[in-house]
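The chain below stands alone and is given in structure tokens; this is the form predicted on its own.
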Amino acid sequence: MPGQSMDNSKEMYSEYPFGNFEYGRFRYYKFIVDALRDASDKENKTIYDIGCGNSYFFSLYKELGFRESNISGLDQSTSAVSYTKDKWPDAHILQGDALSLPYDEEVADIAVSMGVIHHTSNPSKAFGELARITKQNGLIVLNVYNTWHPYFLFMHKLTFPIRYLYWNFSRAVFWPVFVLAYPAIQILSGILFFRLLSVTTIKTLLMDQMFTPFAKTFTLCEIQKLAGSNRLTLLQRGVNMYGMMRWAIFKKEGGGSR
């Protein structure tokens, strides 16, 4: 789409950083809890959170036994990076691009990418970067949009005209959409999460899922292709968030990334 770029994405996530959510998302991420809990020698393991947002998962890492000084986070959002540096002073936080990670090869015992590579212009390259920085016998934890869930057909694919107007003509397009979407999202939140959401949360949801410049969805075959093209073993996979998301855990063994 003309006018859509990673610069647009950086602008959007700097104003609406990932992490402004209030509905107990950890319960939908049992797979990452299980994978990290089962890791051996956690105190000495390095964990790299690519697209860390407002350090959403950092508290989970600490609770599961990872040292703050062994946690590295990267995000393109200036506001998210600033917030995370202040909140987690012993962690290593950088602003950067998921398509070109500012890290050496094989530095991460565990690389985490939760809802990130599908928001890049080249998800395969972003995943290849995860594989590159992961050590031999290290793990990659991935969460991406599920192609077969109708939510993204309505929320992203069919809203193309709105997104086009927003990025190419006027940011003011957001406000009538917000006013119309607000009651529907609150009703849905009440049904799914038994609570109402703040204005900030609803704005973040709309930007992250409707106005985002990129929202690639994945099938199981595409997940398997990611593993094969980077010479990784796909250990586990499944769906979460009522089937909206597709998760996978990979192990880097043998050859690593190409």
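When you see a residue number, it is the position in the sequence shown, counting from 1. As the structure is a computational prediction, the values presented were derived from the model and not from experiment.
The protein also exists as the form predicted in complex with a small molecule; that form is not presented, and the subsequent description refers to it.
Not displayed here, the small molecule is kept clear of residue 128 by more than 4.5 Å at the level of heavy atoms in the predicted bound form. Residue 98 belongs to the set of residues with a heavy atom inside 4.5 Å of the small molecule in the predicted bound form. In the predicted bound form, at least one heavy atom of residue 56 sits within 4.5 Å of a heavy atom of the small molecule.
Residue contact check for residue 71: none of its heavy atoms lie within 4.5 Å of the small molecule in the predicted bound form. Comparing 102-110, 152-160, 117-125, 173-181 against the small molecule in the predicted bound form, the single stretch with non-hydrogen atoms within 4.5 angstroms of it is 117-125.
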